[in-house]
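We give structure tokens for two forms of one protein chain below, kept apart as structure 1 and structure 2.
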Structure 1
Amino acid sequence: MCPGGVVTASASEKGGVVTNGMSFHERDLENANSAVVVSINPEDFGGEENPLAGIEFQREFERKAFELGGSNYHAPVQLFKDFKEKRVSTAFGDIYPTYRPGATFANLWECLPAYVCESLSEGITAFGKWLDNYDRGDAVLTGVETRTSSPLRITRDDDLQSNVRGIYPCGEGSGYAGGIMSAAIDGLKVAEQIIKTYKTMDKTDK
């Protein structure tokens, strides 16, 4: 949840739209934004065979979002009441998107797998039971946040090294974190392991 924040453009490839969220220090802007995350497993995108299948899976929906947004890096948006009915919205209610450079009304079911949309619809409705107005009809969904965590993992052994000795895969890009805190903790874990490894080597050398 980014209180008083914005939905930001986070694409890293031509012809793709990717969103993320952030708040400026004041956290005083009009909207409260949150990413609603749906778990995707390797079997959902054939990741058992091809280690890069997850990246292709992300790209597919980022490109669809780009096209649905108007192929001009605008993001596709939909009001929650219309999302539940799979129909394109025609006007905003009290809430306006903060995504720049712009937003285009679209049916987000066309740029996300149906099982993801079903989970989003159920999840947002369920959150609405705990958080007043979370599932209000004019809440704006802006798509697509596909980079919540890395779709691949570089394997590492018990002393956190990869099969290339001396390489310590860590953090989000290597598939061991999904967010600032978990990345920092994983970085600390690897640093501690490196100290331990080289301390042991020091002792054995003497």
Structure 2
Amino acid sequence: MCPGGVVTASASEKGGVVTNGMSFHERDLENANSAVVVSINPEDFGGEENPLAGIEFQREFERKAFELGGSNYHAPVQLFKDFKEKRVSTAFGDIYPTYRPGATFANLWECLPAYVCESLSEGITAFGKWLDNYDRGDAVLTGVETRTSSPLRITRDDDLQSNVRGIYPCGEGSGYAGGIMSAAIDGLKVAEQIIKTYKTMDKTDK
């Protein structure tokens, strides 16, 4: 959850749209935004046979989002009430998207797997039972966030190093976290291991 935040453009390749979210220090902008994460398993994209299948799985939907947005790096957006009915929205309510360079009305069911869309609809509706207005009809869904965690993991040993000594894979990009908090915790674990490896600690150290 990013209170008073913005949805940001995070694509790393030509011809794809990837979103993420953030808040500035004051957290005082008009919208709150949050990602709703749906679990994906290796059998969903053939990852058991091809270790790079997860990356191509991401690219497929990033390219579809790019096309639905108008092939100009605008993000496809849809009001939640219309998402549930699988129809393209025609006008915003009280909430406007913050994504730059822009947003285009589209049917997000066309750029995500059906089982993901079904889970999103059920999840957002369920959250609305505990968080007032989370599932309001004019809430804006902005697609797609495909990089919540890496589909690949760089292996590391008991010392948290890769097979290239001195390299300590950690955080989301290397496959050891799935969010800000878990990435921070993994970073602390790696930092402690680096200190343990390269600096002898005793009671006189400050």
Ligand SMILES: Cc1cc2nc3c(=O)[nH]c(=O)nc-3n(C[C@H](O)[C@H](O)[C@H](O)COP(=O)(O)OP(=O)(O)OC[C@H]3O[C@@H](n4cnc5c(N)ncnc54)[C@H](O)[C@@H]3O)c2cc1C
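Everything quoted here is computed from the prediction, not taken from an experiment. Take the two forms, find the largest set of C-alpha atoms that superpose within 1.5 Å, and that set is the rigid core. Structure 1 provides the reference sequence; residues are numbered from 1 along it.
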Where is the form predicted on its own shown, in structure 1 or in structure 2?
2
Two rigid segments pivot between structures 1 and 2; hinge position among Tyr73, Ser150, Leu112, Gly137 reads Ser150
Across the change between structures 1 and 2, how many whole degrees of rotation does the smaller rigid part show against the larger?
17
Superpose the two forms on the rigid core and tell me the Cα shift of Ala191 between structures 1 and 2 in angstrom.
4.5
Aligning on the rigid core, what is the distance the CA of Cys170 moves between structures 1 and 2, in angstrom?
2.8
